[in-house]
Structures are given as structure tokens and as C-alpha cells.
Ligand SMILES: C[S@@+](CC[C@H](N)C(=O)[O-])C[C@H]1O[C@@H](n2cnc3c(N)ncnc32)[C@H](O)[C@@H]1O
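What follows is a single chain, given as C-alpha cells, in the form predicted on its own.
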């Protein structure tokens, strides 16, 4: 009897429920098989190649691929050389989802990789996926971006993860509007990259911002929900908006889109969507609808590995 093809998804432990809900809503012809410690498997309706499977637009998965086998450590070790040869694998990633550590292997090159995953105390799994540069390590709470010692908050790493994963098309002299900038983590990241920043927040940013960067930063002491395009007159034209505010994100998104529609040179938005503020899966469709209404042609959504209660939304006006 022919074995049904299976796939695996690696997510954050606290977003497993969202992943299962997403799969049930958008991929109901696949069947949930198992899930523990952020490792979730599904039986598929047909065979899929790892390259094509990688393009599956799931929001709540850090990694995904084709499951080869599950078994003991010895069984998986014995199977590994055969898989490396079959797929001409560029590297092997060893994930220990119990202790949340492992050997990252080669993460800079493009090609097939073998995931060797400890999914439970005595159970392991082997899978193959197609990797591109910038793929994440699936560890709850662990950022692939080193924390800058003087960065005022972990928003530095959060924005770094968004840049690493989504690779927004940003010019070297672009101006960012950082809404909710205090204490200054994301602002610090942007300034360190060489961009100019207009911060928006009623609270002052950390003194290290002005100590470390003598130019390139201006602040508008303004509440985000009162911000109008007229308040930005006299400032440099805005090319990108960063929005990271602890609020109901979908309500904020429409107001933000209205603002951006009046900023003629704005090319995109990088925004965090809070999942602990009553987020519903149906809101994914609403995000797409709003973006289309305001002439954004590309909508990308995905988890950031160090933040389990939100996901990242990147909207751009050019593909």
C-alpha cells in the first residue's frame, strides 16, 4: 500500500493553534495528523516538490517541508546519508525543539536542506525543504538578529527580523516614519543601517539615539491616532512607514492606510499585527481587502521568531 505524502510545519509553540486554524480554513483538503512542541504534520492530497511547497503562503509557520520519516535517533541517523545524496543537500539542520537549541548548519546558501528534528523526548523526524537565504531558525523566543548593545529595546531585533525575512526594497537614502518609536529600538536599527528617521511618539526616545547618531533623526511628539499628513509638513518626504504600537492592529491599519495614501512618495509599510488583541483568522482577508483598496500590490505576512504574540505585515506598492 502506497504511503500518503506528508508535510511538516515548524511554528512557535504559542501559535500552533493559529497554524491549525489557518490550515483548516485555507487547506481543508489536507488532514492534520499530529502536533507537539511546535512541530505539526499533515497528510497531503498529492506529492509536492520541496521548491514548490516552500511557496505555500502560510502565515503561521517559520519553516515547512516534506516529511520523510519519524523514528528513533538511531533510525533517523541511519537514513540521513541516503537523503543527503538523493536531494544533493547543501546542509543538515539539527533542531531540538525540546531544549530549543541546535546546529543551524549552512543558512546562507540556496538549495535543499535536510531538517533533523527532535520532536519529542525520544522521537525524531527527517524532512527536506528548500532554503533561501534569510530563512528563520524555528526557536520560540530566539532571534536570529544579534542584539546591539546600545539599542534601547528589543524592537531593534524585531525590525531586523522583518528586514532579514521580507527584504523590503529600500533605497539607501530612504526616509522612515517610525510610529510608536519610543524608547527607540526600531529607530536605532534604521539609523545604524544609514536611513533617516522621523519618529512619532509623545514620549521622548532614549538618550542613546541622539548620543550615537548626531544626524538623521527627527521626532514629532504626537499620538499616533491623532497623526495627520499636515503634521508632517516641513519634514523630509516619507518613503516607508514602520508601525509597532500596542493596539488593535486591524483598526489601526485602516487609519494608517488613509495617512499613507496622502504621502505621495511612500512606497510601503512594515507593521506588527497583535494576535493577543482579539485577532480572528478572518482578518487575514480583511487585510488583503484594505491593502487592495489603497493600491498596495504586494501583501506579505509572516511570523517573527522572537515574538509569539504578533506577526509581521509588509505592504508595498511595487512588486
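On a predicted model such as this, the values are computed, not experimentally measured, just so you know. Numbering follows the first chain given and starts at 1.
One more form of this protein, predicted in complex with the ligand, exists but is not displayed; see below.
K.L.:
Is there a heavy atom of residue 182 no more than 4.5 Å from a heavy atom of the ligand in the model of the complex?
P.N.:
Judged by the heavy-atom cut-off of 4.5 Å, residue 182 is in contact with the ligand in the model of the complex.
K.L.:
Given that the ligand is not shown alongside this chain, does residue 146 nevertheless sit within 4.5 Å of it in the model of the complex, heavy atom to heavy atom?
P.N.:
Flag for residue 146 set to no.
K.L.:
Is there a heavy atom of residue 232 lying 4.5 Å or less from a heavy atom of the ligand in the model of the complex?
P.N.:
Heavy-atom contact with the ligand at 4.5 Å: absent for residue 232.
K.L.:
Might residue 91 be said to contact the ligand in the model of the complex, defining contact as any heavy atom within 4.5 Å?
P.N.:
It does not: once the ligand is placed as it appears in the model of the complex, residue 91 has no heavy atom within 4.5 Å of it.
K.L.:
Consider the chain as shown here, without its partner, and state which of 130, 213, 224, 163 has a heavy atom within 4.5 Å of the ligand in the model of the complex.
P.N.:
Here the answer is residue option 224.
K.L.:
Please tell me which of 113, 241, 200, 125 lies within 4.5 Å of the ligand in the model of the complex, judged by heavy atoms.
P.N.:
Only one option qualifies, and that one is 200.
K.L.:
Within 4.5 Å of the ligand in the model of the complex, counting heavy atoms only, one of 150-158, 232-240, 165-173, 101-109 shows up; tell me which.
P.N.:
Heavy atoms within 4.5 Å of the ligand in the model of the complex occur in 150-158.
K.L.:
Judged by heavy atom distances of 4.5 Å or less, which residues of 91-116 approach the ligand in the model of the complex?
P.N.:
Heavy-atom contacts within 4.5 Å come from no residue here.
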